[in-house]
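The chain below stands alone, shown as C-alpha cells; this is the form predicted alone.
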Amino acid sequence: MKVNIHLNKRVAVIGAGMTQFRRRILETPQEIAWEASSKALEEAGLELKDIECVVIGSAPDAFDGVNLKGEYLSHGSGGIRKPSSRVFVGGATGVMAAITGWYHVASGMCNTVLVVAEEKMSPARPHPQSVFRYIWDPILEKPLNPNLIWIFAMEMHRYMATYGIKKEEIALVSVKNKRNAANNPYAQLGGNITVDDVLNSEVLVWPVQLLDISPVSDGGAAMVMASEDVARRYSDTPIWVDGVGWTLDNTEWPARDLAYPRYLEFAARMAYKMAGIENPYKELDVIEPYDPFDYKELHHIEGLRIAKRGEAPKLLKEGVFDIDGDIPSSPSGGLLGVGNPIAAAGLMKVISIYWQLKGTAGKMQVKKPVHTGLAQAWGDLMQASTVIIMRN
C-alpha cells in the first residue's frame, strides 16, 4: 500500500496518562476519562485549551449503560467545542483511536490531538458477556445462543490441535504476564502464579479455564499526539509514530482460519511497510500484542510474523519474550495482568510502548536498550486488527 501523499506530516506522542484498572470503580465514565486525560496533558506540559482535536475510543454503549457514548464521554475528554470523533472496532478500538489521532495530525488537520479511551464494564447486567448477545448474525448464529468464550474455546482448540501445542505451554503466557503486572502500579491482577495454578483453575469452556482469561475491568487511558514542530517545542523525548495498519477479515467466523490470524498479518504488513521493517524478529525491540486470552498472545505473535506458525510457544519456553529476553512481550503485564476495560486496554498497550521507548516505564522498563516498539489490538467480531509502530 502506498502512503497517501497528504498524510506526510511527522507525528509524535508527547504525553500519556492512565487510571488504575479495577473492577467496580466508583467514578463515573466521564470522571474516569478526565482523570486519564488530565494526566496525559500534565505529562505533555499542555492545557486543554492547547488541544485542537479530540478522538474518543469506547466499545459498545451498553457497557457504560449510556447511549451515544461518544457524545457522553466528550464532557470528560475535553471534546466540547472542538472537532471530536469516536471510533469503535470492538477490542481493536484502543489502538484504532491512536491511529485515528495519528491521521488527524499526519493530514495537517490538527497540530495537537487528545486521544482518550474509556470503558466501564462493571455496570453491565447480569454480566458484561450479556452485551455480546447482540453481535451475532440473527438468522445463522443467534439461534445457537453462542457467547464469546464459546467461540474463543473453539479457536484455542483449533490452534492447539493444528500445531500440537499443549495447554502447559500456553499457560506460560499467563504466568509471564501476571508476573510482569506485579511491577505495574495500574494493574488489577499482578502476581506470581504457576502453570499448575492455571491448569487447576475453573474450566469455563474447555480448553479455556479461569486463569487463561483476562478479568472484567473499568478504566481509562489517554495520550497527547502532536505535529513535529509542537512536539519539539514541548518535549526533549518525543516518540514518533512510524507505522500504522488495520484490517478486517471475513465477518463470518466459520469461514475464517482459526489456527492463524490472517487479519493481523495483513495489518502488520501495512504497518511494517510504512515503518520500513523487513524482518520483525530482528528489528522490533519490545512488543505489546493483544492478550485477552493467553493463547491469543502466541497467536498474535505468529500473525505479526515474529515467530513462524506454531512456533511461538517454543520461543516463549526459551525466554525470548521474557522482560529480559530478546523481544520482551507484554512487559506491562498485558490484559491478563493489568485488566481488560476493552478500549482502554488497547490504548494502555500503546502507552506501555511509549513509556518503554521514552525510558520512563519504571519497574516495567525492559532490561535492554529499546528503539522500536509495536502495540497491537484485536476485536470487533474477532476479525478486526490494529497495529502501531513507534520509535524514539
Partner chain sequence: MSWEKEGKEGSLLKWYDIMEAEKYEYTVGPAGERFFQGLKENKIVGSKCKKCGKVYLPPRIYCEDCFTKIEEYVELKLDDAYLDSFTTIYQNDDGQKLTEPVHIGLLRFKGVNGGLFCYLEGTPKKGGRIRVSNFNYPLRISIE
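Model, not experiment: these values are computed from the prediction. Residue numbers count along the first chain shown, from 1.
Omitted here: the form predicted together with the partner chain. The next part is about that form.
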| query | finding |
| --- | --- |
| One stretch from 129 to 137, 315 to 323, 237 to 245, 192 to 200 that, in the predicted bound form, holds residues within 4.5 Å of the partner chain by heavy atom | 129 to 137 |
| In the predicted bound form, R24 touching the partner chain (heavy atom, 4.5 Å) | yes |
| Contact label in the predicted bound form: R125 to the partner chain, heavy atom within 4.5 Å | yes |
| Touches the partner chain in the predicted bound form: N177 (any heavy atom, 4.5 Å) | no |
| Heavy atom of S77 within 4.5 Å of the partner chain in the predicted bound form | yes |
| Contacting member of A361, C53, I327, A62, with respect to the partner chain in the predicted bound form [4.5 Å, heavy atom] | A62 |
| One residue of P143, G108, P254, P83 in contact with the partner chain, assessed in the predicted bound form (non-hydrogen atom, 4.5 angstroms) | P143 |
| All of E31, W34 and L41 within 4.5 Å of the partner chain in the predicted bound form, heavy atom check | yes |
